[in-house]
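Here we start with a single chain on its own, the form predicted on its own, put down as structure tokens.
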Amino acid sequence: MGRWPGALAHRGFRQLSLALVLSSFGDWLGFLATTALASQLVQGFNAKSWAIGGVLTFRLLPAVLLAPLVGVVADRVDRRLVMVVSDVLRFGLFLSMPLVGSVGWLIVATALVEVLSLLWIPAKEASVPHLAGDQLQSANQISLFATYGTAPIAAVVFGVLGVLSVRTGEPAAHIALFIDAGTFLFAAVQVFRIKDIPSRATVSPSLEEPPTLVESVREGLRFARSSDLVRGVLVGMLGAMGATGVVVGNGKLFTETVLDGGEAAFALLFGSVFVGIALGVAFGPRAVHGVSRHRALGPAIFVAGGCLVFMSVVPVLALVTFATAVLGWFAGLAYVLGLTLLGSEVEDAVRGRTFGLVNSLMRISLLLAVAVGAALAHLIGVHRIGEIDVNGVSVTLLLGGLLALTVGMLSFRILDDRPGVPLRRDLVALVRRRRASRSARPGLFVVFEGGEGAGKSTQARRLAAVLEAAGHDVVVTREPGATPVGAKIRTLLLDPATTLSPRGEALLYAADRAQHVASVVRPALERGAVVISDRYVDSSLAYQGAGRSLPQQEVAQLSHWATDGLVPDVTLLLDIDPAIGLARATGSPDRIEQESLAFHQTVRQRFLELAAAEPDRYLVVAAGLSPDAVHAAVVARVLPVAPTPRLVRT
């Protein structure tokens, strides 16, 4: 097992991951191939727009109609059987598409493939916890990578097939669909070999019928009307999904009629948007770190809309490809910003219905963007007005871009948490912080986070010893209580006899942190030292934000103000089950340790969410490992980024 990292150490999960890679690659390749085949089976601009629009519409329609219901199948039918049968049937459907060669059958088969995909996904999701053991977070990361990371690969493969088809005379769509069918057959064999998937849910499913899409949307809208946050996020995320849908829905026709390109150009455009989305999700939040998420969401949609406008008026393949990637980047950024805002600031009691509303409306938005975009392109058609050639696809992209620009401004106005402060001030401050972080801070700021009994103090001391032995100037500190003022605050905060309101507690932690940064952390960093702190800002987000149910954004803004925006270079989360961590504690429990187990479990979950949102800064280490194993992981993360030692030992 040691040869494989994380969840891949479990053989059953490795087998399922391979099946997921094959199925995801097949889905993306099938999307490209069916769109291209629809264009090949008919002649004329109008016929092509209707055929492509029909295929894409019926690919999305089952998700809108059946998504609230298909999860029941995963609980009531043998999950392995569902996945195997779904893959075998998808093999047959994809194989039939080029053989039948009919637009009608292509549309029907595409809809059936999507229904089978909707059955396959919840059966897979329900099986993952049983196959991944205690590595569920690792399993989710691998699953996301397998799902979305195969889209650019499929685009490259389809582009290569497009080039080869010119020489062989065999349509690229036909070859791609045959390959596609093969991937699902191999995936079916792979899943059939997994013996550890439970046949169905271990508890009896509720007899209550799941809500319909209409009921889910209606319930969510009732809540959204009472929340500016949800309204603003909905507007922004639907705008991002709509902008992406306009590109995806009109991509084939755009490359064919405007860019005069073939399958290779379509694959390039398709791959660019998904590469952009992946990069935006992965690196976008880090790029705007320090800017309020409320203020960043709307501008991200605005830039995506600007890219659509640019694509519509500058029909040059190289420039369009670049604009598509940028559009994807900002759409991905908007997506992750919106989900983070909802996950961190919507109360748990209504979080489920909120996400249900968002997911349902995003499906509808994507469907409308594809269907309406294709219909609009058809209605406008291709004709000449004076010296200007008018193409319905370009006009559709232009209108979609203008709509996204409007949506971005509207979302910004709804969500703006600093009314009256120009956005340019935040952008200037962001640039200045980045320059300062590169030039004026020669030291390294390392923070240990985690729940009670995780071993943060012990690991901080051991890391300091290694760094000192290597010649580094090291400062080990903690929160609260690292300064004379902080020591008095710490006494108040941890005394079991002290009674504090949640906001009072948050303010005391912020006061301690302000003094700590000003008198200990910044001076040490400016002289080039490695500062190792036991707790920092993220503890407030976890304990006061999540544990005390204070608004996350308010807690974050308070800490940002107290620290003047100082962010750690590396955050080491020592993750431990709260029941085990609290049992490790010695002596009388302090005021925080006396909190309920449910409180500490909420804190732990928030730490894990923070780590997932910033994987470049965070390293999550299982604190249940031996102290030596934890120490080795910590040292391996910190030493490569430590500054050049300034102390010379003699």
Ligand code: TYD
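Bear in mind that the values here come from a model prediction, so they are computed numbers and not experimental data. Rigid core: the largest C-alpha set superposing within 1.5 Å between the two forms. In case it trips you up, residue 1 is the first one in the sequence shown, and so on.
One more form of this protein should be noted, the form predicted together with the named molecule, which is absent from this view; the next part is about it.
* Contact flag, R490 vs the named molecule in the predicted complex, heavy atom cut 4.5 Å -> Judged by the heavy-atom cut-off of 4.5 Å, R490 is in contact with the named molecule in the predicted complex.
* **Partner contact for Y543 in the predicted complex: the named molecule, 4.5 angstroms, heavy atom** => Flag for Y543 set to yes.
* To do: With heavy atoms only and a cut-off of 4.5 Å, decide whether E479 touches the named molecule in the predicted complex.
  => The answer is yes: E479 has a heavy atom within 4.5 Å of the named molecule.
* Taking heavy atoms and a 4.5 Å cut-off, does E452 contact the named molecule in the predicted complex? -> Yes, E452 sits close enough to the named molecule in the predicted complex that at least one of its heavy atoms falls within 4.5 Å.
* Report yes if all three of I153, H174 and K252 come within 4.5 Å of the named molecule in the predicted complex by some heavy atom, otherwise no. => No.
* Asked: Pick from Y509, F158, W329, F445: which has a non-hydrogen atom within 4.5 Å of the named molecule in the predicted complex?
  -> Flagged contact: Y509.
* **the named molecule: the contacting residue among S539, T396, Q459, T324 in the predicted complex [heavy atom, 4.5 Å]** => None of the other options qualify; the answer is S539.
* Partner-proximal stretch of 22-30, 584-592, 614-622, 35-43 relative to the named molecule in the predicted complex, 4.5 angstroms, heavy atom -> Contact-bearing stretch, as computed: 584-592.
* Interface residues of 510-526 toward the named molecule, as seen in the predicted complex [heavy atoms, 4.5 Å] -> Heavy-atom contacts to the named molecule in the predicted complex: only R513.
* For A154, decide whether the Cα shift between this form and the one not shown is 2 Å or greater, given a superposition on the rigid core. => Comparing the forms between this form and the one not shown, which are aligned on their rigid core, A154 does not shift its C-alpha by 2 Å or more.
* Is the C-alpha displacement of Y543 equal to or greater than 2 Å between this form and the one not shown once the rigid core has been superposed? -> Yes, because once the rigid core is superposed, the C-alpha of Y543 moves 2 Å or more between this form and the one not shown.
* **Shift of T183 between this form and the one not shown at or above 2 Å (CA, core fit)** => Stays below the 2 Å threshold, so no.
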